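So this first bit is one chain, no partners, the form predicted on its own, shown in structure tokens.
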Amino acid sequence: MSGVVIVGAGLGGLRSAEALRGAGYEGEITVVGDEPHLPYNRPPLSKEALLSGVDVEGLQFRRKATVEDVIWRLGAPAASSDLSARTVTLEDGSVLEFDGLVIASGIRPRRLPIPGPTTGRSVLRTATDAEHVRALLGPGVHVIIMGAGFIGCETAATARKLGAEVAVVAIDEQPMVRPLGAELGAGMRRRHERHGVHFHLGHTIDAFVGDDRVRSAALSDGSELPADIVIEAVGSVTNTEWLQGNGLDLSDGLLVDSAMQVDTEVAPVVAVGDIARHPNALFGDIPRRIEHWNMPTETGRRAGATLAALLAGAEPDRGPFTAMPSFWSDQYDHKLQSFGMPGIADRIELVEGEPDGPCIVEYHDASGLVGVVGVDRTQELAPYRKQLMTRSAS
């Protein structure tokens, strides 16, 4: 017996290990991670941890006693896999055999091929990234943030609190426009502008200027912005390269069914978290990747139970998967919270308040309410969550 190998030492990998034990699996579990840290909480890296300093141990998730015997192979990324042979090869050349495999390798920041120097360009995904960026931020430092999504806007808010001069460059018409819509996105832009953030929307960076490092950025409108540091927050790429050659559907992450099982007959394999493209019966049968903080836990619980059943020779639960996607974002003193999937809506309605103040926004498609966002009204969203959960019966 070779046990279970979990590739990915983040929240999804941890929850999968706990679920395996909770479902009665008693075999060996090995967790492979590319970082040298035990699973830790990432959202604070663009907010409070970036503001006050990164304490990785303080960010680590509490681990259940049932996984005390888990073997952690940290700082050793997976390089390739052979599902037919039931092996995973790590970058250090070691080969791990498995009876069952959990794919929890997640995502990494997208890097754009922009001409010019690379020194001075940073991303914000890991604790190491946050430590590097934090050391460079301070009063008067010129910061360019590429991308106006949640990470970009949270980082902009934190950088302003630290006294930096912040410019946000994005091709989008408004910040966070895809999940929030144009009206609420514009309201959030005005909140940032009141704190001194400068937006350059509808533009791209054509080139970075400088000899040994980035000194400025040339925009598509012909303007040029000074830069002491550039933080790239322009989306993500799934970590699927190590899975190539196994005949899997890797067109957008990794396709799984409602039990989180990967479609392959050669080995028991499940996938969890940001990499898993799964159906959610609350929002139709279209498989989607959902990069929300709660989904690694929800998919990890389901996947661990599935894999434990498969390894025991039993049929796993293949009933509808109905986890509620949710996210929150802290920007300055404002708190955004959401339930459902606002991004799939084709009609958006402001039902309470104003975009520039506390408000509640509903998101609808032909099937009805699909999401809700509250700004500084989070205590009033519980009824919406309950209403969205009833979609499973429709």
Partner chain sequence: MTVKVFVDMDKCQHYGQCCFEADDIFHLDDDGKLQYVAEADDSRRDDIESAADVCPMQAITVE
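Numbering follows the first chain given and starts at 1. Model, not experiment: these values are computed from the prediction.
Here the subject shifts to the form predicted in complex with its partner chain, a form of this protein not shown in this document.
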The single option of 349, 69, 48, 354 touching its partner chain in the predicted complex, heavy atom within 4.5 Å: 48
Stretch from 340-348, 60-68, 27-35, 354-362 whose residues place a heavy atom within 4.5 Å of its partner chain in the predicted complex: 60-68
Proximity of residue 142 to its partner chain in the predicted complex, heavy atoms at 4.5 Å: no
Interface membership of residue 41, its partner chain in the predicted complex, 4.5 Å heavy atom rule: yes
Distance check, residue 215 to its partner chain in the predicted complex, heavy atom within 4.5 Å: no
Contact flag, residue 160 vs its partner chain in the predicted complex, heavy atom cut 4.5 Å: no
Residues in 311-337 with any heavy atom within 4.5 Å of its partner chain in the predicted complex: 326, 328, 329, 330, 335, 336, 337
